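Just one chain is shown here, as structure tokens, and it is the form predicted on its own.
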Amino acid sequence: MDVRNLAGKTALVTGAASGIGQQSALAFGRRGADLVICDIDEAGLAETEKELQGLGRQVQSRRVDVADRDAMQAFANDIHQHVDSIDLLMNNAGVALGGRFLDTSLEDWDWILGINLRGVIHGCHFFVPKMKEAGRGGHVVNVSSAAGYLPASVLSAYGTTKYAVLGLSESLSIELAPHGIGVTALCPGIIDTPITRSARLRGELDSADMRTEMVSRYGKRGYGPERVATNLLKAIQKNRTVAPISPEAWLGYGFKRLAPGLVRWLAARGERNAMESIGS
């Protein structure tokens, strides 16, 4: 999809109240797209809407829980009353959970699977068929993560959802290619977004020190969501199916393909060192 000029196109971004979703919506708006945005954070969503309107864009904003199938269907039905189809769909809404498998409850699994995986499935299910019927191509972006190909025992549930989104995206890209619809699995690395402050922590990770260390580490990394949005535009333009974002994400992707055993060893060693530094 040519994203150099999105005038006359409509982009939908879930989880658009902050972080990568907000900055991506603004990036699409700056290229001329009108926007459909949703989130459960109404205050943040209103701020995104205001900024988009300041760019001269038409905006439809809704409070929607992407994990709720009925809500997503109603959302799609509503939007399709205004436009025949979306041109650019970004399933971005997501949450984080730090913890090992044995420390993760079934309630936690229901929560993170509902948003991170079923939310993506719902977005594709309710909006992609209309994109196909419209016959003018388009693009789907599903937000995975570098954790979608790099193992980490302390991200057991989170990694599971992101591996699944990556696999779904790769399969969907093959299915939709004949219809001129590209699919990109966006795989950010260490990005400074509000998710570090809202992530659920379990087991040995559930401490104020761990939260402080995590927020500090991501903040010091200095790679913000606006840089993710800039690189996302490049990935869509090049129709990349897998798009690592940030140097560490690209490095991890390369190592994963060339030396998976080394990746496992480095991941295990890195976790031990991190836990020792927190415990000291």
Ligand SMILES: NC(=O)c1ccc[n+]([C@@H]2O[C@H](COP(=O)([O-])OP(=O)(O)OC[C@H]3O[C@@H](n4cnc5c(N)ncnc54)[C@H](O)[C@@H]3O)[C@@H](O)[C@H]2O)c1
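Numbers for residues come from their place in the sequence shown, where the first is 1. All values reported here derive from a predicted model rather than from experimental measurement.
If you look for the form predicted in complex with the named molecule, you will not find it shown, but the lines that follow are about it.
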TODO: Pick the stretch from 234-242, 57-65, 26-34, 251-259 whose residues have a heavy atom within 4.5 Å of the named molecule in the model of the complex.
DONE: 57-65
Open item on the list: Taking any heavy atom pair closer than or equal to 4.5 Å as contact, tell me whether A46 reaches the named molecule in the model of the complex.
Closed with: no
Open item on the list: Against the named molecule in the model of the complex, would E213 count as a contact residue? Criterion: heavy atoms within 4.5 Å.
Closed with: no
Task: the named molecule contact in the model of the complex: N92, any heavy atom under 4.5 Å - done: yes
Open item on the list: I'd like to check something about V128: if you look in the model of the complex, is any of its heavy atoms closer than or equal to 4.5 Å to a heavy atom of the named molecule?
Closed with: no
- [ ] Consider the chain as shown here, without its partner, and state which of V143, I86, V140, L150 has a heavy atom within 4.5 Å of the named molecule in the model of the complex.
- [x] V143
- [ ] Answer with one of I190, A134, A71, L201: the residue that has a non-hydrogen atom within 4.5 Å of the named molecule in the model of the complex.
- [x] I190
Open item on the list: Please tell me whether the candidate spot formed by I121, E170 and T184 is one where all three residues come within 4.5 Å of the named molecule in the model of the complex (heavy atoms).
Closed with: no
Open item on the list: For a quick check, can you give me the residues of 114-129 that have a heavy atom within 4.5 Å of the named molecule in the model of the complex?
Closed with: I115
